[in-house]
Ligand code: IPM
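One chain comes next, on its own, written out as structure tokens in the form predicted alone.
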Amino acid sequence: MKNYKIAVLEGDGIGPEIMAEAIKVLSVIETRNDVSFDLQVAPFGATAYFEVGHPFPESTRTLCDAADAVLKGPVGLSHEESEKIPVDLRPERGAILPLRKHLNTYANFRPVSLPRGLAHFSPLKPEIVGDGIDIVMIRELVGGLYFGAKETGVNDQGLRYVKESLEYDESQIARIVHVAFKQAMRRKRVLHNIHKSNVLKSSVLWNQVLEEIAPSYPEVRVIHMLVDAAATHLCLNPCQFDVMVMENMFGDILSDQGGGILGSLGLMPSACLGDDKAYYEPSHGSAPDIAGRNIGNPYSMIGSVAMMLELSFGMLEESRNVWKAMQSVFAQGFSTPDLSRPGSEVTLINTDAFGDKVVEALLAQSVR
């Protein structure tokens, strides 16, 4: 029997609620496969700061290092609660960025996936959604503006200023570009390269490196697109995209827009991959306004489990089963209050009930 150690970082807000439903799914996977999951829970995020004084404690780092994969819930608090934490120890700066740097998870996969049966979630017109949306956004995750040198102070004129550096070297660009080309080869062999080379020198270098690598993948057609144009086309014609590759900040912004065209970031899980380690997380925030009310949809958290099963554990068939089970719950007319619209013809259920229905659908499947 294979045993996989998973570091479980429940996070803040609705994190523990939706993580509980993801763990239900892992339990089902254990019952019908020759596999066991050793779940090690560790503090992370704002909750960790208030409990132990740091959002990414050393004990949690050690646990992540020893794990085969990391399953992370969303982090963050309301503005008022965040103000109680020193700026550099707030979850985004003090936990998420250090986690990415520590594990060197440089490749972020964010699937923007909306099958035809779930098209009613999208705010886009049916004729634009067509037969469904199926995009993989690949974002460089440990470089760029977010990780560059930062400086604040007061200048000679007595004015407060801030200086932040956007830095990439060619090796950082090359490794994420190779990841994107390989993903394109597995899919439709079309790669959209998203950049801003008409303004940014970083994008000029990015494009140069990509063009040097492209001949190694002659079957992939590369389409260059400015990031602002890409934002427009995601709304007007999202079905033209298959695999998109971009630097860190562009990926942050466009993947959130991807959640918007699906109808919610609650429908977007993600994988953060490095050469030696990976962690999996929902793309959305911790929704502190609905925390504790049992109404947050666990789709993106369970979807992160599906991605972990495939990308870290090689369990492709079970990964597909989890996707099918989740989508079947929506197809049966069920949803949670956070994803429903006024007047929508759905039966509202709670977080745990949604998880239970995913489990029921999984158990009803015939396993090969």
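Predicted model only: the values in this text are computed from it and were never measured. Position 1 is the first residue in the sequence shown; the rest follow in order.
This next part talks about the form predicted together with this ligand, which is not shown.
Engineer: What stretch, of 149 to 157, 112 to 120, 89 to 97, 184 to 192, brings heavy atoms to within 4.5 Å of this ligand in the predicted complex?
Structural biologist: In short, 89 to 97.
Engineer: In the predicted complex, does D252 come within 4.5 Å of this ligand, counting heavy atoms only?
Structural biologist: Within the cut-off, so yes.
Engineer: Quick check on E281: any heavy atom within 4.5 Å of this ligand in the predicted complex?
Structural biologist: E281: yes, in contact with this ligand in the predicted complex.
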